[in-house]
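Only one chain comes next, encoded as structure tokens, the form predicted on its own.
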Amino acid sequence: MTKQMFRIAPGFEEIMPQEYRDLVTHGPYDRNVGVADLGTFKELLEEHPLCAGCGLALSLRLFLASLPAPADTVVVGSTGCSAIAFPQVGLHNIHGLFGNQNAIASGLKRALKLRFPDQPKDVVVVAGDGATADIGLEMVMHSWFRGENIATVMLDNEAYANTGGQESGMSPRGTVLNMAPTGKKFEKVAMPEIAREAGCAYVATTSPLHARRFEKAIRRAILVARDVGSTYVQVFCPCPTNYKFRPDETLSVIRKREKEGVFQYREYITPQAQEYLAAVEGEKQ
């Protein structure tokens, strides 16, 4: 789990695909790059099979550019739209069964601590609202109760988007969707509040509309998870296909929801996490 794993064996440079050569020579491994540097390095996700205007795809791109140590990061995912994109990602990743991603990540993190006791290895769960707030909620919460050193990132597109746009626990109240023809009957699941009360040391809500703020939340969640405990970031990334707006309207939809007060950037940090971040972020200044 270092850049050495990506290096091309001597004599094979000319026969390797150009995409791979570019990733080795111009990728983000062992470099201090972030979202402000997009366009200057070979990204971990470029082409993907997701829908045009997909808020989740944009969020994945920003997420991958925000990793503090991509060569030492493993992402654990689950069934959903993000799982369709991860085969195109130049990063260690595991596809779990629907809902058990936090259980897999917990075991993986413990194993990596034993195998690499002196080198931080970041394990990050990236899953949709169905895997996180519905089907996988029990295993997600119990990883938080135990204080596992993993970061959980929920890509909240407010529907079961990859199976036809059915209602999920994160769909807004009153929304008409498949399996909710008369409108959803209850509010969005209060995942940030659940995460806080379940013991997460860092909790944030963000969106791809504000890239720098997005990056800050992801980096903080991963850094705090290394040494303090479980963390959670909820990313609002609306789905144009199932919510029937134009692909070029994704960011304007987020902006409208912000102005209406429906979605807002929030950050919760425990005193221990604040102390840790002050030390870590202070070292980098």
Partner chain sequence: MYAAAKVELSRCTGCKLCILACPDPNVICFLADDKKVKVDVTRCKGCGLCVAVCPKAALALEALTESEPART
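On a predicted model such as this, the values are computed, not experimentally measured, just so you know. Numbering follows the first chain given and starts at 1.
Another form, the form predicted in complex with the partner chain, is not on view; read the next lines as being about it.
Glu19 is the sole member of Glu275, Glu13, Glu267, Glu19 with a non-hydrogen atom lying within 4.5 angstroms of the partner chain in the model of the complex.
Although the partner is absent here, Gly53 is a contact residue: one of its heavy atoms lies within 4.5 angstroms of the partner chain in the model of the complex. Within 4.5 Å of some heavy atom of the partner chain in the model of the complex lies at least one heavy atom of Glu47. Looking at Val35, you'd find a heavy atom of it within 4.5 angstroms of the partner chain in the model of the complex. Among heavy atoms of Val228, none comes within 4.5 Å of the partner chain in the model of the complex. Between 217-225, 241-249, 66-74, 256-264, the stretch whose residues reach within 4.5 angstroms of the partner chain in the model of the complex through a non-hydrogen atom is 241-249.
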